[in-house]
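First, one chain by itself in structure tokens, the form predicted alone.
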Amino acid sequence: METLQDMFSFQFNQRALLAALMIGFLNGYAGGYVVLRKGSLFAGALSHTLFPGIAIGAIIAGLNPYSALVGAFVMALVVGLGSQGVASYSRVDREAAMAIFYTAATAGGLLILERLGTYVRVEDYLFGNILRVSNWDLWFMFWAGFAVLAVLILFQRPLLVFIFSPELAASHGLSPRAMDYLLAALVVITMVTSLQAVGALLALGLLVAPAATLYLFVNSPRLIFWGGGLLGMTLAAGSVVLTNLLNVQTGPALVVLLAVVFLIGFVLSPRYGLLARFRAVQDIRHR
């Protein structure tokens, strides 16, 4: 207890813990839609577009938290929605268009950073540094997260209909394209809120892992959403404590911790786990 009191007597640790709680819950909740939509690879491509956005923001306004966040958000939306548009009006599917756009954007970002000579300073935005979260970052996380959660809860029913059956959604007067755009935009905002904490290259792990772990245990979408949020929040907060004790980077450690918890669930899930399937095979052989 004295160690924890000493640890959180520092304001940077207090801000880190608060940031971990907010982004952990937001990513865990929003990630449920990504997992149910089976769109993790698309979300992964979007996460890589945050990097060139940071580079473009650096050209316009210098490399700072504000330009990085705005640039990453705009670039991810442009690439994500652009690939959706190409898929809607051509034979090329969304994944192929995204592969072309995000690799080109990443290559462009590398060329820009080479010209700017800011490789070292950009590391925090690639891998995150939650201990450098500022009060402005906390307010941004709060209001952006509040907006995302409000929209996801308000449109939960039509989004679920679209996720499980776009044809049924269309028959009820919903536009599958509009639902797809809405979900992509919300995923982008969610990942941007995590930029300072876990970085552009690790944001996908925080987004997908909590909900994917819950998906091994429950079938109810609402339990996946809320359970994923609570799991993400718990592990994110726990990683802040652990990494202070172990003196390692919080972002990478959090993603590794999420992966370990997922693997434990993959093995031990009573219905969908590896051991459960092994026991089912053994029961069939003994009949």
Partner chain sequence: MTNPREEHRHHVLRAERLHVHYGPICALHDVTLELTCGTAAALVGGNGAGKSTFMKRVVGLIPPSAGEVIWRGEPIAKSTHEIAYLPQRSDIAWTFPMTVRGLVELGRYPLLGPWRRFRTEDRDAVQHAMNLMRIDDLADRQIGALSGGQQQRAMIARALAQDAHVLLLDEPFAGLDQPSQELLAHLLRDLVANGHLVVASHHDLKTVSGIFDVVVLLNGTVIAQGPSAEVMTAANLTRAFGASE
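Positions refer to the first chain, counted from 1. A quick note: this is a predicted structure, and the numbers were derived from the prediction, not measured.
Just so it is clear, the following notes concern the form predicted together with the partner chain, a form of the same protein that is not shown.
Colleague: Look at the stretches 226-234, 32-40, 52-60, 66-74 and give the one with heavy atoms within 4.5 Å of the partner chain in the predicted complex.
Modeller: Selected range: 32-40.
Colleague: Please tell me which of Phe164, Trp143, Tyr89, Trp136 lies within 4.5 Å of the partner chain in the predicted complex, judged by heavy atoms.
Modeller: By the 4.5 Å criterion, the partner-contacting residue is Phe164.
Colleague: Among Ala178, Leu168, Ala104, Leu111, which has any heavy atom within 4.5 Å of the partner chain in the predicted complex?
Modeller: Residue within 4.5 Å of the partner: Leu168.
Colleague: With the partner left out of view, is Tyr272 within 4.5 angstroms of the partner chain in the predicted complex by any non-hydrogen atom?
Modeller: Yes.
Colleague: Are any of the heavy atoms in Val218 no more than 4.5 Å from a heavy atom of the partner chain in the predicted complex?
Modeller: Contact with the partner chain, yes.
Colleague: With a 4.5 Å heavy atom cut-off, would you call Phe155 a contact of the partner chain in the predicted complex?
Modeller: Yes, contact at 4.5 Å.
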